[in-house]
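Just one chain follows, in the form predicted alone, and it is written as C-alpha cells.
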C-alpha cells in the first residue's frame, strides 16, 4: 500500500511539473505576441518537445501502476484522471506553439488588438494557475468555480470581434487583424482544455462525470 501511495504521489508530482512547463510556454507566448521576437518564438516551439516527453513519461508511469500495483477504484480514478490531464496539458502547450508559429510567419499582434490580446492572455494564465492549484489541493469546490473564469476569455473575444466589425464597417481593415483573431482562438481553446482538467479532477475525487460545455 505504501508503494502504491508513493508511486501515485510521484505520478501527480510529474503532472504538476508538466503543468509548470506548459505555463512557461504561455508566458513566453504572451511576450512574443507583443514583441514579435522570432528567436523567442523558436525557443517556445522547442519547449513543446519537453512537454511531449512529460506526457509519455506520465503514460508510462500510469501503465506501471496499472500493471504492477493493482490499484483500488479510488486510486484507479487518480490514474485515469492523470492520463487525461496530461493529454489536455499537451494540447494547451500546442496552442502556445501555434502562437509562436503565427509570430514567425506574421510578426506581432496587430496594434489595435494588442491591449485586449494581453488581457486575454493574462485571463487565461490566471485560469490555468487556479486550475493547477485546485488539482494540487484536490479542491473540487474550486474546480467547479473555474469555468466562470473561462467566460471572461469568451467575453474578451467578443470584444475583439466587435473591433473587427468596426474596422470592416469603416473600411479601416488592416491585413494583420483577421489572422490575429485566429491567433487568439488558440487562447480560447486552451481555456477549454483547462476546463477539461477541472472535469478530470472532479471525476478523480468524486467519481462524477461532468461536462462544463
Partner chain sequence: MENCFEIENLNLYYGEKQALKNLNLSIRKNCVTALIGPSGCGKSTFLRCLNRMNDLIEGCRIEGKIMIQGVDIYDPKTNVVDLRTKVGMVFQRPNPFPMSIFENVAYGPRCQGIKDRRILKEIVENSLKQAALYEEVHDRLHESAMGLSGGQQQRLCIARAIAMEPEVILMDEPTSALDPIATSKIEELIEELKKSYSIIIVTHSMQQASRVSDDTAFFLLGEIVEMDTTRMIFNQPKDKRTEDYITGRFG
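Not measured: the values here are computed from a predicted model. Numbering follows the first chain given and starts at 1.
The protein also exists as the form predicted in complex with its partner chain; that form is not presented, and the subsequent description refers to it.
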Notebook entry, point to check: in the model of the complex, which of 92-100, 74-82, 129-137, 114-122 comes within 4.5 Å of its partner chain (heavy atoms)?
Noted result: 74-82
Next item on the list: May I ask you to check whether residue 210 falls inside a 4.5 Å heavy atom distance of its partner chain in the model of the complex?
Entry: no
Note to self: I'd like to know whether residue 70 contacts its partner chain in the model of the complex, with contact meaning heavy atoms within 4.5 angstroms.
What the structure shows: yes
